[in-house]
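Consider the single chain below, provided in C-alpha cells and representing the form predicted alone.
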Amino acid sequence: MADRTDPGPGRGTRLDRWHSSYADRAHGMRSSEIRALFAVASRPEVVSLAGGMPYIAGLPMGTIAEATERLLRERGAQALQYGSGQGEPELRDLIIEVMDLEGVEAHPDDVVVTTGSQQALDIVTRIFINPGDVIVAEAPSYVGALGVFRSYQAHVVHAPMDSGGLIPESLDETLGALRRTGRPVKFLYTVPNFHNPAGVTLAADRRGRIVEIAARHGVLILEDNPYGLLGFDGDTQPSLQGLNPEGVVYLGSFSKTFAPGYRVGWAVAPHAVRERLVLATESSILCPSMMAQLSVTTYLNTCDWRGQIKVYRELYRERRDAALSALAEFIPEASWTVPEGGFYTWVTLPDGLDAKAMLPRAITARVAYVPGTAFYADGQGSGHLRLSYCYPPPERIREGVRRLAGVVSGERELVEIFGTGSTGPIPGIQSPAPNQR
C-alpha cells in the first residue's frame, strides 16, 4: 500500500496538491498498459495488434440506423428517460434467449443489466471484497479485471493454465494451500471461452471438475464470458453457471457480438447476490442507459443477430488464420496458442527477450502489441505478448507480424551480443508443443 505521507517524485506538490487526501485504494490505481498504448496504436501508420476492438464495420449499419430512427420516433420518451436499476424487463427476456445457446440456467429476474460487463466486474468485486481479501485468477488474466481487483485492494493469486485452460489439479492445490494458511478465497475469476489474453478454451472434461473443486472449497466462481458465441466452428461450450447456478455469477456482454459503443452487459447471479448487485448499481449509476438498452432490444427483435454472429465468426476466423500463418512464416522461433474463437493469441518469445522492454522498438517499427506483464498481478509475463487479430484486415495483420519479426530479430542480436540472459520458463501459460502452435 502506498505511504500517504510520502508523495514520491512529483507528488504532493503543485502537480497534485490533494495527494495526501486520497483514499488508500486510490494510490494503487494506474493506467492499464493497453489504454496507455491507444494514443500511439491509433495512428494510421501503426499496425495495432494491441487492442481488442471488434470489427464494427461488419455490422449492417443501414439497418441499425433505420431501427434507431424508428426507436426514437415510436419510443423516444421511454428511451430518453430513467429506468430500472436492474434493467429493462424486455431486454432481460431477450438476454435469457441469448444465453440459452450456452446452457445458462436463469430466469429474467436473475439478470442485472450493467454498463458493459466491466461494470458488472466492478460491482461484483465491490460487494464481495474487503482490502486484503484473496481472489484466485488464471495466469495470465484479463487486464481489466486485474485493474478492478487492484482498485479494491484485493490480493490476486494466480492459478496456472495450459492449452486446455485452467488446470483442475493446480486449482485444487492453490485453493487448499490458501485455506491452510488462513487466507480463504472470496472468488475464482475465470474466462473459460477463448480466453483473453491466452486464446485457450477450458476443456469440456474439466468444466465439471472446476465447478466441483470450487464448491468443495466454498469458493464462488465469477464466470466472464464475452466471447462464448464467437467460436470459429460454430459450437458453444456449456457454461459453468449451468453446472451450478447457485455457485456461479455469470457475466455477459453485447460488446463483442453486437457493438461496444452501447456499453450493455449483464450479470446473472443467485437471488441474494442479485439483490446486492441491483443495490450497488443504483448507488453508482442509478440505472443503466435506457437508450442503449432499447437500442440493443430493437436490434435483437428486428435484425438477424444470429446471422450476424455467424458473419463475425467467419471474419475473425480469417483474421486468426492470417495471424497464425504470418507468425509461422516470420517468427517460427516463437510459439503461440491456437485460438478456437475470440480475438487473441498468446505468443511466447524466444528465450532472453522481454516484451515490455522491446515495445518502444516495436512502436518505432510501427507495430503495437500488449506485453505479457499487463496480464499478471505479480510481475510475471515478460517473455510473452498478446496479439489481437480482430480489427485489422488480414493483409495488415500480415504486415504487422512482419514488422514485429524485424523487432524480434534485432532484439535477439542484442541478446547474443550483450548477453542479457534468458527469461526461462514463465509460470502461467505453458509453452505449447510444436503441433499446437
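Just so we're clear, the structure is a prediction, and the values are computed from it rather than from any experiment. Numbers follow the displayed sequence, beginning with 1.
Just so you know, the form predicted together with a small molecule exists too; it's not on screen, but the next bit is about it.
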Quick one: from P226, G199, P288, P140, grab the residue that has a heavy atom within 4.5 Å of the small molecule in the predicted bound form. P226
Sole residue of T281, Q241, S117, T337 within 4.5 Å of the small molecule in the predicted bound form, by heavy atom: S117
In terms of non-hydrogen atoms within 4.5 angstroms, which of the given stretches 311-319, 156-164, 127-135, 247-255 touches the small molecule in the predicted bound form? 247-255
Given that the small molecule is not shown alongside this chain, does L121 nevertheless sit within 4.5 Å of it in the predicted bound form, heavy atom to heavy atom? yes
Is there a heavy atom of W346 no more than 4.5 Å from a heavy atom of the small molecule in the predicted bound form? no
For R92, is any heavy atom within 4.5 Å of the small molecule in the predicted bound form, or not? no
Considering only heavy atoms, tell me if V191 and the small molecule come within 4.5 Å of each other in the predicted bound form. yes
